[in-house]
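Take a look at this single chain in structure tokens; it is the form predicted alone.
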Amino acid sequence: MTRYRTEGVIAGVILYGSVAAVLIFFYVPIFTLIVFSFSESRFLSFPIEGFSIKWYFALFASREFWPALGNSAILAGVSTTIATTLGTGGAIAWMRWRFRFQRSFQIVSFAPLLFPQLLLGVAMLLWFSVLGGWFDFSPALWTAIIGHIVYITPFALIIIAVQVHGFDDTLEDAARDAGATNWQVFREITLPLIWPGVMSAAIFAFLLSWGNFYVTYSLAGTARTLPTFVFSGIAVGSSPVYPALATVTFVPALLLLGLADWFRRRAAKRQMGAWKDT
């Protein structure tokens, strides 16, 4: 009895210690940035001499901040929309259809995940440089959008493929037996069941695109986004403006992660309900 109690205590210490270590490792740097964003001093030092929100006013008054914010929103919004659409089609083709060269399609669709972001950006920059010489154009925001689509589409495909794999395909067969066409099956059965996974994939893809630096830096030309705006500012010296920017972008990202978890829970409940109905 004493032995089991000792093992239970050790297991509890390891479990709660691991949770505490993970939380500290992940969130101490983030909350340190948030605290420094309210520092009154221009220099990042500890202990903090005083608290102020003047760096948030300085950030919002910056002439470079709003164009960078707009470019980031366009880049992440367009890339996410196209990547999620491609990922949805690719996931359904992967999990529901059988066709020639399917294995090759699976390998090729994952290939961008094997490239480090910097190498992917450099490789696509060389590609656009050659095309730019032929068709007389220079890298700009639209070339960065193409780069982001290449980078984030495999992530969206994987997330949606897991959702497609998880639901019972006999529901689709039952709809076809009832006389539904393939389009009706997709619209009335498949899409509603995988929709939470599609939204989760879209949110994850948006966050990947929103914070991406290497691909953007390589392909955006003179257009600045928030990550390149921070990089160019830090290159000439640190400032509490950038912790303020990190805080401003962290809160919406946290809300999006919460929304993704809500879609995940909703998908699990819907799938459980579908199983009970069959």
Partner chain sequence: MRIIRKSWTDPGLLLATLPLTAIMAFFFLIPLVMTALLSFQGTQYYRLIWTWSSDTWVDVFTHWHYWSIIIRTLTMALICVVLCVLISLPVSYAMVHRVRSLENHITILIVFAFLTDAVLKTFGWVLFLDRTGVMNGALSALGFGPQATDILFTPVATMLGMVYNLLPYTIFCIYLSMKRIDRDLMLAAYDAGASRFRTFWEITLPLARPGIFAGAILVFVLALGVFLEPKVMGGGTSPMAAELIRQTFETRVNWPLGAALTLVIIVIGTATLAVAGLAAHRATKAAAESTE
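Numbering follows the first chain given and starts at 1. Predicted model only: the values in this text are computed from it and were never measured. So that the term is clear: the rigid core is the largest set of C-alpha atoms that superpose within 1.5 Å between two forms.
The discussion below concerns the form predicted together with its partner chain, not included here.
No residue in the set R42, A73 and L191 has a non-hydrogen atom no more than 4.5 Å from its partner chain in the model of the complex.
For V28, a non-hydrogen atom is located within 4.5 Å of its partner chain in the model of the complex, even though that partner is not displayed. Contact annotation for L259: none of its heavy atoms lies within 4.5 Å of its partner chain in the model of the complex.
Using a 4.5 angstroms threshold between heavy atoms, A61 stays clear of its partner chain in the model of the complex.
None of the heavy atoms of G132 is located within 4.5 Å of its partner chain in the model of the complex. Residues are counted as partner-facing when one of their heavy atoms sits within 4.5 Å of its partner chain in the model of the complex; in 164-181 these are V164, H165, F167, D169, D173, in sequence order. Superposition of the core reveals a Cα shift of 2 Å or more for A11 between the shown form and the other one.
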